[in-house]
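One chain comes next, on its own, written out as structure tokens in the form predicted on its own.
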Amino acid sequence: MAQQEDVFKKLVSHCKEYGFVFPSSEIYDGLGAVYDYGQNGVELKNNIKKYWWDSMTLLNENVVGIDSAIFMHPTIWKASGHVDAFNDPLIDNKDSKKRYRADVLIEEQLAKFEDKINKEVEKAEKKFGEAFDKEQFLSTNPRVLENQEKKDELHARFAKALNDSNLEELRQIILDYEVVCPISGTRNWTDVRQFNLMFSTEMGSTSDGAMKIYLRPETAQGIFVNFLNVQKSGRMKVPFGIAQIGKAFRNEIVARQFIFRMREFEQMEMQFFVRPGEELEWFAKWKEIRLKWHKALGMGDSMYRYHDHEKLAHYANAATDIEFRMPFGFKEVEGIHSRTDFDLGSHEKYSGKKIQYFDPELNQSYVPYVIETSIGVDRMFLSIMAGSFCEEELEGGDTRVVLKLPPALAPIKLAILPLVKKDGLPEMARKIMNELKFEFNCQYDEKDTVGKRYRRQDAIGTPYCVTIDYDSLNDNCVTIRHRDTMEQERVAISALRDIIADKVSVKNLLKKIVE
């Protein structure tokens, strides 16, 4: 685990050093859990968003997009349940004066039992080699069974306490399992309290006439309140979906793990409206589609898993997370929820307006049910950076840091490198650059040795480098270098566009989803 934490620290510093992510307001000592995306970060982020947006709106004829306002009428948040129920259970350590989420402390305790089981499996794998039967070992080894029993017991208590919103029991679990504060090392805990996560502000010119409004904590409600606008103006037939990418804000008390949990973040959400009674069928279908979207990036199928929710939100009848193996364990990057008719029904009640769909096939009106797919752009960004970050030992004892980003998402697709800064090579390189820059993001670099320039491009994840040398002046060919293998091949300048455009196209990722 310590080794993984080291990798994570290196990743965080790499993000800053190479222009991916900076602490916000850094010259004023920063602002907690708020980050800015640098010149390479914003390109990667935009590419992630394009991959998601295109997968929703191009691959599905019945999914359209909107962009709703961040400010919304305050009654919307009453209707959605956020004013009354958008809380985190928090607990303070009296010695360190640090505040923690009680549910996260208990989840970390569950992970410890899982780690113990995994260690037993690893030891046995080394000992027995190819003869090792993992299933049999898990079902018969006494130490594994003991830890599994402890985990199951804790799991059952935890799930019940969450579902009952029993704050005393959450505290009791923390005491019973002797959970200590990571900073003070003591078990001197306060009671567990609920804390509302919404930021509020005032809209209006005078304090008397001002209206208390909230910064949206999610983008979904903007979709729900526009359901009829989109349905009628687009003549949409159920089932259909509305997609949106936008900023959301949560006053996270325990914000940590870099950009994993932030106070200002970006979401990509799609709400899919279906007939009542068909929601679980569509839930299963979207679960499958969304996992395919992640796996198409080629990070390795074992890096992903589904995690079904212990505690369903008040509006849901099914919920699953897609988790990615971060350096700090499997963590949620996307949620798929069957939200029933809670949202539209609630807005109908609070607004006094009829929000229903007339189904010509059934010849009846109803409030549609909703399947939600919700993904954090920043978490997705972190998962891609973590999955791509490699430190490689090379022949001759040399090392390199390389980001093996999916080519379609890489900030720079092609680096153009004249071998030397004279004899017409820069001019030729510039000509290639000026022809290709309309197709994809290129970077021109003539400073330092070619080897150093390769290392710089490896560090930002550029999939291809092209070197223009003296032979290029005569044969109109260049040397193309592949980032992951470091292999080099000679190709005609006239063929460059087709070779690279095919490899870096989002189209190839989208095709994998529909295969």
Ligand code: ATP
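Worth saying up front: this structure is predicted, and the values here are computed from it rather than measured. We number the residues from 1 along the sequence you see.
There is also a form predicted in complex with this ligand; it is not shown, and the following applies to it.
In the model of the complex, residue 260 approaches this ligand with a heavy atom inside 4.5 Å. Proximity of residue 115 to this ligand in the model of the complex: non-hydrogen atoms within 4.5 Å are absent; the residue sits far from the partner. Contact check for residue 376: a non-hydrogen atom falls within 4.5 Å of this ligand in the model of the complex. Taking the partner from the other structure, this ligand in the model of the complex has no heavy atom within 4.5 Å of any heavy atom of residue 343. A heavy atom within 4.5 Å of this ligand in the model of the complex is found for exactly one of 221, 93, 267, 388: 267.
With the partner omitted here, the residue from 439, 332, 392, 348 that has a non-hydrogen atom within 4.5 angstroms of this ligand in the model of the complex is 332. Only one segment in the set 427-435, 159-167, 332-340, 137-145 has any non-hydrogen atom within 4.5 angstroms of this ligand in the model of the complex, and it is 332-340.
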